[in-house]
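Just the one chain here, the form predicted alone, laid out as structure tokens.
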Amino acid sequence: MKKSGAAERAPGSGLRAPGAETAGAERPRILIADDEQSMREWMRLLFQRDGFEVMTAADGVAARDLVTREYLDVVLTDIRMPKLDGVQLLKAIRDLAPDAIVLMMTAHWTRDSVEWQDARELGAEALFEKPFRDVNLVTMQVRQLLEARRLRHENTVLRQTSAGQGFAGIIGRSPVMVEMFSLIETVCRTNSTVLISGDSGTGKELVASAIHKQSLRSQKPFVAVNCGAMLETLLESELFGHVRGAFTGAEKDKKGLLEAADGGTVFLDEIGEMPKAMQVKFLRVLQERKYRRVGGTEESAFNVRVIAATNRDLPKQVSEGRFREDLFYRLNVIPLYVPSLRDRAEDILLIAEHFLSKYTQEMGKSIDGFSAEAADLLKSYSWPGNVRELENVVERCVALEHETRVRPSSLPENLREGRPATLRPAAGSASFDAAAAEIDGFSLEQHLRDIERSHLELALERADGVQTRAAEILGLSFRQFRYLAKKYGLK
């Protein structure tokens, strides 16, 4: 994939797909910055042969731009380059990606040079003389530095998980979660775009928030928007803002979320639901790092980190033409997969006890745990609704339980029987069979509206009128539920 300017990506290198191994664990990413084309190409082949994903830049400015856009494990840069020398590039890297390993090289060999002394003070790991006397020594040293960094991150995660229940507010001690925590610990130190994937209810927004809170942008805003809850025009206005008179109801200028989150992070939930036309506009904004308010003519630069999330199979959507391939690659710089609850059964009771503590405090009850039978039922259930479903179940248990420990009788009937929860038809709702389609005057559209309304009413009944809970029961966002409730006149 060719990059703009003097920056290049190795042919056929591709990007890691959702669910891939931890960044840097299997295919570390290295940037070679050197103004000599023959040197760049030779080192590209050298590191590709050793299993690296390689990008190259012909000058310091192009290298800095790549560091701004891409996640990089290693930067190997010449000390003397046009536009921006190696030491100036290193200063920029320390601000943009402080966790990246930076190594210097020069044909003007001297360890006493001012440039090398400055580079060492800024954290450069090594200085290599060009041409390399032993190429295997170079790749071996890079591998050793990567392994040392991996162990540092792993130790940090293990200290946090052993000291408490989880990491950065996320509950879990299972191996798959420790691996995810390690990746969060790595990527939070960069400004690269992250694409979070996982089933509904796994806590993707919590992961995005954890990345933000531990990043260099933690003191700036974290702004979330659900791409599936808005029409295209509304989503465009939410992201980019609008000027007065841009459309009916636009009575004054309005800031967009990219502007409101300046210096911070924008979280795009359900990115797979973004309308196709909006995908084109957003791709351009990501590439140019500039946006234009709806109805406006002036372009404005923005400085935010983008984190996107989806419960869809985006590669499949790309192959089916329902999601733009170029936008997928632009978002999928660092893929991060949030495991389903069924894939980390050893965390179920840990999470359940966390919610038990939360809701007993809220409701003023004295419940100190789960009975052995209730605990076994919780651990054996498949949890299709993931952590969100588990929270709802524990909240129900606290509300219904009169003893000091949660008993099986307080658990939902479907959970006791080991089957997924289902919504029963509302009393008086129309039933549909093959003969109904032949009845004169039958309206399929009206029939579906009746079903939709009855499910909304039932969800509200189960949620005691709390719309946020009703939305969760139906697997809808709050915005989607509020829109439908208003459509059917429900209160």
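In case it trips you up, residue 1 is the first one in the sequence shown, and so on. Everything quoted here is computed from the prediction, not taken from an experiment.
One more form of this protein exists, namely the form predicted in complex with a small molecule; it is left out here, but the text below deals with it.
Distance criterion of 4.5 Å from any heavy atom to the small molecule in the predicted complex singles out 311 from the list 186, 192, 237, 311. Between the options 149, 330, 388, 91, the residue in contact with the small molecule in the predicted complex by a heavy atom within 4.5 angstroms is 388. Using a 4.5 angstroms threshold between heavy atoms, residue 305 stays clear of the small molecule in the predicted complex.
The small molecule is not drawn, but in the predicted complex it has a heavy atom within 4.5 Å of residue 354. At least one heavy atom of residue 269 is located within 4.5 Å of the small molecule in the predicted complex.
Within 4.5 Å of some heavy atom of the small molecule in the predicted complex lies at least one heavy atom of residue 202.
With the small molecule left out of view, the stretch that reaches within 4.5 Å of it through heavy atoms in the predicted complex is, among 167-175, 318-326, 363-371, 288-296, 167-175.
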